[in-house]
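We've got the same protein chain twice here, in two forms, each standing alone as structure tokens: structure 1 and structure 2.
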Structure 1
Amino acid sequence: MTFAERMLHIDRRIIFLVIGVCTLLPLLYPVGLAIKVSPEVRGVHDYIESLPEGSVFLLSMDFDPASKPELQPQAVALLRHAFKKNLRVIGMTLWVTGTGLADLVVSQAAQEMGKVNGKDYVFLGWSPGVGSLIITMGQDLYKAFPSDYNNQPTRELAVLKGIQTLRDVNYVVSLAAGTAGIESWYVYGKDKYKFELGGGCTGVIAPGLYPLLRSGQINGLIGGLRGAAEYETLIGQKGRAVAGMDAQSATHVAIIMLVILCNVFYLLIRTSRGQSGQPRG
């Protein structure tokens, strides 16, 4: 059996091992491959960058653990940027199944950046309803959320001083894994209460949100893990998203190389059999 024939009959477990190594190593030791930043991701970043210190930033984490790999890195990058800019951060979620995860993301990012709960940020949690909740927030934030996720009376929190309704919020970003999400914030919120709106989403639903972006209904869109990696690049804090893109790139290169090698070995075998007069299989 020739070398080419041996390679075509290689144990598939070796191929699985190669793919596993190509995936794992970049996650453990990311190299930070060059990433081109798209205009839609830059739109969200530049708007936050333009906000003066003390502005109000509301991040609605409208996803659950199933979408964590794509949307948690987006949330972390946005929170790091907002805290670095010394914005007043309001966290919440429209998905009851994602409440615990959203609270963990906000608290960990705040702890990393040295921010104090109630003074620099607040996590409001979840409240029933989607459209009715957003409308109520547009009329009276304290009626929608009398207390935060930790049962602190919201009227007594320093971070919410001077904030009565959504009209007092400078920027809202919804990170959505479906409905409710970005569309809900636009239909029930922005169109009526006139705040600026940005979005982030999983890769699979991003194409359906581009009409909102092109029409100016949202001013930016962070799409999937790639979008999170672009945002990490913009703020100069490369994290899980950049590592994830390194792993994807390495795996894709490995698969392409395996496909090319298999075709080369197959052609070598056909050529050698043709020269020897053997029937081609």
Structure 2
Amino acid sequence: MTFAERMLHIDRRIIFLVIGVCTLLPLLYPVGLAIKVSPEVRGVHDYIESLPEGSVFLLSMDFDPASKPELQPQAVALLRHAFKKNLRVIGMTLWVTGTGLADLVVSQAAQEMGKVNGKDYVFLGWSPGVGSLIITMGQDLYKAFPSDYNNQPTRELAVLKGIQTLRDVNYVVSLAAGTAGIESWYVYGKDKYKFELGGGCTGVIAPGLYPLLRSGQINGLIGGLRGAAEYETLIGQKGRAVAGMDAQSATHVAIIMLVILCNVFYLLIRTSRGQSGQPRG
């Protein structure tokens, strides 16, 4: 076995170690590289910025703990922005296992900004059905959620005054970790009930949402931790996402190095085989 071959078949646990170190070091010793804001993220930010005080903003946190590191910073940044603009905030989730997380995010952000539950914001919790849930909300919000997460009858909440269906909501943002999320909100919601829709999502599903972004079906897209970091930069409150970007930089560059190394070794093997007349692998 040549050197290149041995390097290509190196124990993967060594690579695991490299990645572990590249993540850990920047977290312990942050650098703080500047972050450029993309038009996709600006789309969501500017729309919230343009909403007059008292407008209704619905944040659907459609993710579970597996995507917490990516989507929680987005949720926190969006809520801070919405609360600062004095919008009426409705929180909810389409993912049952995300309920606890969503509750925590909303109540913490509200506490931080001095907002009152039931008056400035409400957390509706989870309800089953995805598509049928969104349609029911579009027809009659109070049928879909007779009571909120804290068992308060929704009809009596001050924050929901004058809101009957999704048609009365000014802006919906879905933070999605999968198909029950932005797509569902568009197909079963915006398509018919005509609220403006924005999205935030994990890096895994972000590329798949660009057709919807281009056609204006969503007016902005916050993609992954980078998107969250951009949003934090836009509202001038740096948080977990910005802090994580240094580690992202390090691991990304490490992976790029690995890819290049892999190809160098691969080419070495190919050329040496080509010379010795062996069949190509």
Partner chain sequence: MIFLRRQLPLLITFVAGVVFAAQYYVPHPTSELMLTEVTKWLQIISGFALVLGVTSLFHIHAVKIRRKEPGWAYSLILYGGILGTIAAGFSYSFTAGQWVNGKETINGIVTAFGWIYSDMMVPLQGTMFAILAFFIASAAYRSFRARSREAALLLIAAIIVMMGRVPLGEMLLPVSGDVTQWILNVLNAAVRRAILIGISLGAVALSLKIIFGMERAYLGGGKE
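Just so we're on the same page, rigid core means the largest C-alpha set that superposes within 1.5 Å between forms. Throughout, residue numbering runs from 1 along the sequence of structure 1. Fair warning: this is a prediction, and the values are worked out from it, not measured in the lab.
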| request: Assuming the other structure does not fit, state which one is the form predicted in complex with the partner chain. | output: 2
| field | Rigid core superposition, A66 Cα moves 2 angstroms or more between the two structures | value | no
| task | Taking the rigid core as fixed, quantify in angstrom how much the C-alpha of L27 shifts between the two structures. | result | 3.7
